[in-house]
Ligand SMILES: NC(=O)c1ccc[n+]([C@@H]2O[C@H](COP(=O)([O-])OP(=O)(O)OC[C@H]3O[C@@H](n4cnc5c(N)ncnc54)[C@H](OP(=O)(O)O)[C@@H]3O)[C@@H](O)[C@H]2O)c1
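Here you get one chain, nothing else, as structure tokens; it is the form predicted alone.
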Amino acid sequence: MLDRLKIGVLGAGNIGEALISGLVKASLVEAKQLMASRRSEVALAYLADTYGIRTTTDNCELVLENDIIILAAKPQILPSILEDTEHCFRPGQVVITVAAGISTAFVESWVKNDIPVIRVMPNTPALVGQAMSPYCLGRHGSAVQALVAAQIFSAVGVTTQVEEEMLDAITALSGSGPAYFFYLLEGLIEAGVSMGLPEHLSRALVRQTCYGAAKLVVETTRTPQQLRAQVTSPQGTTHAAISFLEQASTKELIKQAVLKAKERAHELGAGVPKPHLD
């Protein structure tokens, strides 16, 4: 489906580079089909040397020369980028945005021409090909464009189609989710050090424990609750730790933290300028 289509990644930072790398490694496209834009010429030179793709510092050039435009810029600067490039979009293109909180309707208001807009919320495990990338279609999207999005983002992990009203919650849970685990791991490593373990050993223990626990969740049919019960013997060491966490209402704190992230995702969308009108 991606044969002969030219794909431009506007704002090729971490997620953008992960997509480029995944597409090339999976042989879904040839390197010559890909183009990236960034302000940093040094970063672009690295992308060109590493992946053999086309590069430019001119966002309008990227839009003009490609069939699929992936908007990978940060949500705070995406409105100004769309304002600068609105005259560069043309009928027949497909636009994909990965900016948190930015609605398909907002992007559609700038690109016009009934161009299909797809909104995707990948997370940082895209860097190792293990992202979760929920996506939704805008007003002009079709099943064909859904397949395009699924194929592109399957290069860096798993995709699923959702309704757009779910995406703020998904951003909070899945998009920001890896950071919650990293924060927990930080605490576990610090706990190991505080008990007298060398930091390198504490890191190694926590890293492998995290990896093994994640594989249990992914590769068995047991729920996290069942897996926890399996390792929590009555009056044992794990029971002592879990009881302390429950007394501190840790689950409720986690829920409230995720709700804060959802609120911020909504604020990002609400804080962009009003959609452009003719």
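Note that the structure is predicted; figures quoted are calculated from it, not measured. Throughout, we count residues from 1 along the sequence that is shown.
Although it is not shown, the form predicted together with the ligand is what the next lines describe.
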{"item": "Stretch from 215-223, 243-251, 32-40, 228-236 whose residues place a heavy atom within 4.5 Å of the ligand in the predicted bound form", "value": "32-40"}
{"item": "Option touching the ligand, based on a heavy atom within 4.5 Å in the predicted bound form, out of 124, 161, 151, 109", "value": "124"}
{"item": "Contacting member of 77, 195, 144, 184, with respect to the ligand in the predicted bound form [4.5 Å, heavy atom]", "value": "77"}
{"item": "Contact of residue 134 with the ligand in the predicted bound form (heavy atom, 4.5 Å)", "value": "no"}
{"item": "Residue 72: touches the ligand in the predicted bound form, heavy atom cutoff 4.5 angstroms", "value": "yes"}
{"item": "The ligand contact at residue 98 in the predicted bound form, heavy atom, 4.5 Å", "value": "yes"}
{"item": "The ligand contact in the predicted bound form: residue 13, any heavy atom under 4.5 Å", "value": "yes"}
{"item": "Residues of stretch 167-200 in contact with the ligand in the predicted bound form (4.5 Å, non-hydrogen atom)", "value": "175"}
